[in-house]
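Only one chain is given next, in structure tokens, and it is the form predicted alone.
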Amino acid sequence: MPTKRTSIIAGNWKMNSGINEGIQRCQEIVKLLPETNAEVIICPPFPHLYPLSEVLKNTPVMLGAQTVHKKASGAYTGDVGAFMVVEAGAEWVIIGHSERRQYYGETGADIREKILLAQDNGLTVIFCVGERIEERESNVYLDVITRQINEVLDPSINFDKLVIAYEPVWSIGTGKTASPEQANEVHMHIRQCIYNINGGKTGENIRVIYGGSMKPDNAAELLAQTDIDGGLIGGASLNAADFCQIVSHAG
């Protein structure tokens, strides 16, 4: 029988909200959180990590960072190291988000360094992959996903501390969403890529979550797909009620 994978709902706040607003939102999320077997994670901006770790102590909600630097420490003005986010209370980190690739020129080599360093510091990684609209329309999107995975992952990665998020770049912040069938097709392909890298058990067990404008009104249909194991939530994570409604569909 297929492995029953634990769902993940992670909220990526991006560069939004003051600390007081973030604290209030976290308190509301904890209050409204439905009973669930899903793992629930909040990924706020760096300055929020320690204050929110205090709010989330002794609650089911975990804390994640939105990125880390690829080097352990050094003369990298403005950057934040993996050990620092761990000290601030993070257990998870998003790496390779399309906005980091687009705006900061992160390459597969950069992303690989970050993943290895994050895992060495005990963080569980949400590794993002996804295609742009022209790659979708020219029907090379599965090739793009394969390349993004193969240039980063190999058997030296700790797959027990890795989750993959599929984020069709054309859907982020646009309100467009891949159909459940489109999303599931790519999730199945990602699982096959992991099978090719590290064998069938890893391919079956790896959790693949959807990161393309998941909202309360489409979450149930997306999460019902066989290979969608949760969501990386952007805009809807900035509203406690909407975020918790999505969690309620994750089961």
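Computed from a predicted structure; not experimentally measured. The numbering used is simple: start at 1 and walk along the sequence shown.
This next part talks about the form predicted together with 2-phosphoglycolic acid, which is not shown.
Contact segment among 25-33, 209-217, 183-191, 58-66, judged by heavy atoms lying within 4.5 Å of 2-phosphoglycolic acid in the predicted bound form: After filtering at 4.5 Å, what remains is 209-217.
Residue 80, heavy atom within 4.5 angstroms of 2-phosphoglycolic acid in the predicted bound form: No, no contact at 4.5 Å.
4.5 Å heavy atom contact, residue 9 and 2-phosphoglycolic acid in the predicted bound form: Answer no; every heavy atom of residue 9 is more than 4.5 Å from 2-phosphoglycolic acid in the predicted bound form.
Partner proximity in the predicted bound form: residue 171 to 2-phosphoglycolic acid, non-hydrogen atom cutoff 4.5 Å: Residue-level check for residue 171: yes, a contact with 2-phosphoglycolic acid.
2-phosphoglycolic acid contact at residue 228 in the predicted bound form, heavy atom, 4.5 Å: Result no; residue 228 lies far from 2-phosphoglycolic acid in the predicted bound form.
In the predicted bound form, the residue from 99, 113, 91, 106 that sits within 4.5 Å of 2-phosphoglycolic acid by heavy atoms: For this set of options, the contacting one is 99.
Residues of stretch 223-251 in contact with 2-phosphoglycolic acid in the predicted bound form (4.5 Å, non-hydrogen atom): Residues within 4.5 Å: 232, 233, 234, 235.
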